[in-house]
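Shown here is one chain on its own, the form predicted alone, set out as structure tokens.
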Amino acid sequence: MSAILLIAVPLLAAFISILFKKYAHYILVFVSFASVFALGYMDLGTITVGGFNAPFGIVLILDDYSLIALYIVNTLFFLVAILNCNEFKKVGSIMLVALAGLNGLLLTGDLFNLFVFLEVAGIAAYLITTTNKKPLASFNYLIQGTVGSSLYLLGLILLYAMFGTLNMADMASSIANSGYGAGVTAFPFLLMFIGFGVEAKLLPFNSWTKGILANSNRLTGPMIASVYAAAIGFVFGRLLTNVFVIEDTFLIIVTIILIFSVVAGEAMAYASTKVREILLYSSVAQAALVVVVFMSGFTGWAVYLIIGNAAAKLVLFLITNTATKQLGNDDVETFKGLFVNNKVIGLAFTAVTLSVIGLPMFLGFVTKMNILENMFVSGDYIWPAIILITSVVEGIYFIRLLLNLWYKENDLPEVKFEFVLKYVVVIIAVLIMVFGVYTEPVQDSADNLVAYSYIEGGNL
């Protein structure tokens, strides 16, 4: 089965759903489930589109790295779709376009088509965020997303003028054999980095994030902070390991950006008194940390960091936004005692939160400890110090939040969570705990993933 179906079928279904609007949400759930199911029958390899082979033609690459990314993103997408299909029926067609765009981002081996799919996924995201009913925030997201993609395109144009190719593998080979110093490619790479940094929520390019996620609902919160974040993280990993040459001045600039993102993200989360703001600033810091781990060359653990963060943010935003809708706001004071009468939900929320902090017996602990160990072995002591200090800050504000959610003397908030939501969040929490205790599969697969993000010669 060809991986191109992962793009073509959602797009076709989107057009069909426009003709049958009453059934658009059913089509969305069916197609998103079918995408996850079909991944088990996809053939690994390079798909040539248009009859021209790489590096001149358009190629889609399904290798072990993109297959893992597709499984994660499509599974998360399906969960978001099935939990929100009835409440947000009007965006069923838009969600299908988003699915096609996200799958295209993960499959493409061509830098220009990466821009095209980024635009498709981005336009769908702008429309999805309108369900927040905060038009100014959505407009701000649109403007910044457009500027970001334009910067990426400008950097790509400069690279094409230098090397005459758009294929990722051919670009990497041309750069390696060109004899140019790192300073020649630093400027276009910086433009592309900033462009992707907007979607990846890196500071200071993410001022749209607060308007969207701090006002998010059960659809937009998980979609942007979990599904889109995972997809962008995987694509960033592909670029960092295949195309970008991060050295000299470019390395200094990128390092400053990432340090600022991690430290400021955790600091703002610590200072916040609103639950959604705490989660969004935590997401900012974690997104920057993913880039750091990819840059350090620890691909396997970067992948697990993406998986752990995406799963956690799916659970946390689903629970938080369900409660926010019923309580009217997301102040920590309003949420006090929320889990006293919702113990199952509370246990799931607590488990994934402790995993994000990095406490033992959870997937987050295994991931962070291995990242730190690998960094120490490689002789890097600055990033481990930053990670340890910010983890302490992260632990303080999340533990403080959990104490507020579990304990209150009287006037407990009344919130009802449907069975399907409980089932989903509990399964995710259990999996996070299982792989935090039974670590052998995680260790083995992380070691095997090291080389998976590299595209060899434009073809497999």
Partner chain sequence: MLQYAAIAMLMLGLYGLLTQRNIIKIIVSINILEIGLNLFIVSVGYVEGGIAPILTSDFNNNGLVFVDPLPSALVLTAIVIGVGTTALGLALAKNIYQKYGTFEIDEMGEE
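Residue numbers count along the first chain shown, from 1. In this text the structure is predicted, and so the values were computed from the model without any measurement.
As for the form predicted together with its partner chain, it is not shown, yet the points below apply to it.
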{"item": "Interface segment, criterion being heavy atoms within 4.5 Å of its partner chain in the predicted complex, picked from 113-121, 285-293, 226-234, 318-326", "value": "113-121"}
{"item": "Any non-hydrogen atom of Ile157 within 4.5 angstroms of its partner chain in the predicted complex", "value": "yes"}
{"item": "Contact test in the predicted complex: Asn242 vs its partner chain, heavy atoms, 4.5 Å", "value": "no"}
{"item": "4.5 Å heavy atom contact, Lys134 and its partner chain in the predicted complex", "value": "yes"}
{"item": "Contact flag, Thr334 vs its partner chain in the predicted complex, heavy atom cut 4.5 Å", "value": "no"}
{"item": "Residues Ser66, Leu83 and Ala169 all lining its partner chain in the predicted complex, heavy atom within 4.5 Å", "value": "no"}
{"item": "Single option in Leu258, Leu153, Ile175, Ile72 placed near its partner chain in the predicted complex, where near means a heavy atom within 4.5 Å", "value": "Leu153"}
{"item": "In the predicted complex: members of 125-157 within 4.5 Å of its partner chain, any heavy atom", "value": "Tyr126, Leu127, Thr130, Lys133, Lys134, Pro135, Leu136, Ser138, Phe139, Leu142, Ile143, Thr146, Val147, Ser150, Leu153, Leu154, Ile157"}
